[in-house]
Structures are given as structure tokens and as C-alpha cells.
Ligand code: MLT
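Given next, in C-alpha cells, is a single chain: the form predicted on its own.
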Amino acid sequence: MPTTDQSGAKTNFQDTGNGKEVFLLLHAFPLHSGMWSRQVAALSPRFRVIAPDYPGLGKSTPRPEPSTMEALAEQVLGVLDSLRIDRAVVAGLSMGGYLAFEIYRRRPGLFRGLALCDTKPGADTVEGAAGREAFAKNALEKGLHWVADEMTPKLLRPQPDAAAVKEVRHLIGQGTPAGVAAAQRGMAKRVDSTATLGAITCPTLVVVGAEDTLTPPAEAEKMAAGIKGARLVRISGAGHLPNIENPAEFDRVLLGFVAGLPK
């Protein structure tokens, strides 16, 4: 995978496909760009697909500071700038959705289209932020096995397939405790993006797993209602990671969305 140097740290990213049109994929917590393997395969025959790893997750270098959405936006835009990419369809899932909001605020002209998947615009409550700090400390003290035990049941539907459980645990295990802690602390600091919804003017798709308990369908409905012209799709048989639990339906919806985008 290619890497770029930013502030002394290496940012790892996938760069697949030879299409003139670009698709940017922003991954969920506490996974990495490998969660998009099926979507990369589905998109790369037509698109150039860029999928970065956040610091300390996947193969990007851990950093001591929190992975705030502002810092991650600089990281991702730095990758795009190094590749001379100024236009893309952007898909962000969960934490990737939080990041997509920040990138949109900074560079709305980048967005040919936006897919917001299993995410929400609101900031953390005081209690939610405190919970993230407790999680960060536990991740550093107890390691990635503990992180996988805590997160895997929340990321998947209530009765998940064994293969999905194995895959998610494997993806989590390829990060670092420092990366997990930095991501939690960064998400705790994110701003409320509710006001951003009304500013989004590019074609927008909102996707949610029908059995998602972290950001449930009701949250997705509310978010879609705040974006002019947004289309909402529920993915059956899936929790917070529909791209893994029901990739056939997820990919069909995503490809259908990009097929209808204006050139």
C-alpha cells in the first residue's frame, strides 16, 4: 500500500483501480481500510478507490495526540493533494461519517456525491465523552483483545454470522491500543454537525443497517430529513457494519447511487 509522510508520521492508504473518477472510503472505529475489501473489489473496475487508515489503526503510524476530526481531515486531504485529486465520491461509515462532515466543511467542492453510512451528526454528551475516555484508558491497559470483546457485539447484528465475528475481530486486532485510544479521544472532541446537514448540496445517500443498535434507523431517518434531496436506504440483515454483514445489498445500493450521479 502507498504511504505519505505527514508531520513525521506515515499515513497508509489503499490506492486501487485506474478509473478517472475517484471514490474515497472512510472507515469505521476501531477498524481500518481493510473493512472495505468487498467494496474496493466492486468499485475498482470503474473507479480509482482511495481508502486511508487513521493513525494507529491498520498500518498508519500511531500518534500521541487525539485523532480529532480536524486532524484526520488534514491527513486525508493531504493524501488527496499528494495524488492531485480534487473531486471524489465520498463514503464514510460511523467514525468515517464524522470525518466526512469535517472534510465537507473544509472542502465542499471535493464532493461529487456523499454516502453517509451508519453514522450521526450529533456530538457526544458529557456522559458519552466520559465513556470514550474510560474506553481509551482500558484499551491502553487491557489491549486489543479487550477492545474486540467490547466492540464486536456492538458492531454486528444481535445474532451475527460466525464469519463476520471472525472478520471484525481480525480487523480490530490489526490496529494498536494507542490508535484505538486516540480515535476515542478524537471522537469525544468532535463538533456537532447537525447544522452542516442543511449546507450539504451534493447528491447524498444515507445508509443504515436495519438492525444497527449504535446508530439506529430512526437516527438515519432524522439525518436524511435534514439533507435536501437525500435518499435513505435500510440494509436488511445487518447491524452497524452492513458493508460486511450484507455486502451484496450494500454494494448494489452504493453502485446504484454512483450510477445516477451527474458527470
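Note that this is a predicted model, so its numbers are computed, not measured. Don't overthink the numbering: it's just position in the shown sequence, from 1.
Separately, the form predicted in complex with the named molecule exists; it is not shown, and the next lines address it.
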| item | value |
| --- | --- |
| Contact stretch among 22 to 30, 62 to 70, 225 to 233, 191 to 199 - heavy atom within 4.5 Å of the named molecule in the predicted complex | 22 to 30 |
| Complete contact of Ala91, Tyr104 and Arg107 with the named molecule in the predicted complex (any heavy atom, 4.5 Å) | no |
| In the predicted complex, Arg132 touching the named molecule (heavy atom, 4.5 Å) | yes |
| 4.5 Å heavy atom contact, Ala181 and the named molecule in the predicted complex | no |
| 4.5 angstroms heavy atom contact with the named molecule in the predicted complex for Val40 | no |
| Contact label in the predicted complex: Met187 to the named molecule, heavy atom within 4.5 Å | yes |
| The unique member of Ala139, Val168, Met95, Val76 whose heavy atoms fall within 4.5 Å of the named molecule in the predicted complex | Met95 |
